[in-house]
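Starting off, we have a lone chain in the form predicted on its own, written out as structure tokens.
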Amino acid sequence: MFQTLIARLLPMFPESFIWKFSKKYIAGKDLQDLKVAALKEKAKGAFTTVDLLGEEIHSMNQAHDFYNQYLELITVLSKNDLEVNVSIKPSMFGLKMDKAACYELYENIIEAVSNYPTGFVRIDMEDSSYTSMEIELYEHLLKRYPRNVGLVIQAYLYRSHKDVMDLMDKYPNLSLNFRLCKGIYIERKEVAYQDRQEVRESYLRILKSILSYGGFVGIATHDSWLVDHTLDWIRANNILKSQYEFQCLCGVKEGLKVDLLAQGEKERVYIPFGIHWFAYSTRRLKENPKMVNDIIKAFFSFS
């Protein structure tokens, strides 16, 4: 209740205040900030994926602007010996506005990253109104770039396990690449689990299916319960390390990341950056109530 109230009040505060607590979770607003953050994670032994912040657009001119920013980002990553691994929201490329143009922009980006050994594009998953369209986009790109593209799956959606199984049955000769997360968008009870433990159980069910069928999964969670149960199952079933990696968000549960790296596990940090940071910060707050403590600290610091 208190967290929801704080989230609703955020737009009333000056951006300088909001930025005080948001900067812990965001690399910065420009490419220089991003480069510094990514190099720091590399020095710690972690891998990285970069997420240029931005969502719904109002014209395809905006989509092309985001496209050009991604091309510039790819150049910066390659020149600094960083992984050319990026995450893109289909809404940024106008999926609902112009499907053909969106597909072409993705194809061009994947063509660009495929020139590098680490080149990879993750199709980010958005709210449930996008799910079927984004799976269709993934299938379209998968046929041409099987090693350079992957999809996010949200465990809290009822449909997600079937979606994964359908894809794996449809492409048995490909090692499909999924990033598995709980889900962050607020969804109706008609389409998504609302209970925390039900979401956890769905997560484990999907994860076990992907790994049992020979797919690759990015285990994207900060839930220690899920991490422990996942590691127990992986080790009990002799799952190869080449089939999975752990993934975390910049600034969240740093101790968990350090612990997994110390255990010899591969850890990938998702690093968001860009001028469109406000909506991201709001969603992070709704997903992670502990951020309220950061807001309170920022308030006293600001005042």
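When you see a residue number, it is the position in the sequence shown, counting from 1. All figures in this text were calculated on a predicted structure; none of them were measured in a lab.
The form predicted together with a small molecule is left out here; the points below concern that form.
Student: Taking 4.5 angstroms as the cut-off for heavy atoms, does C248 touch the small molecule in the model of the complex?
Tutor: Yes, C248 lies within 4.5 Å of the small molecule in the model of the complex.
Student: Would E201 count as touching the small molecule in the model of the complex under a 4.5 Å heavy atom rule?
Tutor: E201 lies outside the contact set for the small molecule.
Student: State yes or no: in the model of the complex, is some non-hydrogen atom of H161 no more than 4.5 angstroms from a non-hydrogen atom of the small molecule?
Tutor: It does not: once the small molecule is placed as it appears in the model of the complex, H161 has no heavy atom within 4.5 Å of it.
Student: If you check in the model of the complex, is Y185 within 4.5 Å of the small molecule, heavy atoms only?
Tutor: The answer is yes: Y185 has a heavy atom within 4.5 Å of the small molecule.
Student: Of C181, L105, I210, L157, which residue is found within 4.5 angstroms of the small molecule in the model of the complex when only non-hydrogen atoms are counted?
Tutor: Checked against the cut-off, the match is C181.
Student: The small molecule isn't shown here, but in the model of the complex which of D223, E111, D166, E72 has a heavy atom within 4.5 Å of it?
Tutor: When the small molecule is considered in the model of the complex, the option within 4.5 Å is D223.
Student: Among 119 to 127, 140 to 148, 74 to 82, 168 to 176, which stretch has residues with heavy atoms no more than 4.5 Å from the small molecule in the model of the complex?
Tutor: Checking each option against the 4.5 Å cut-off leaves 119 to 127.
Student: Give a yes or no on whether every one of V152, R196 and V252 sits within 4.5 angstroms of the small molecule in the model of the complex by heavy atom.
Tutor: Every listed residue reaches the small molecule in the model of the complex, so yes.
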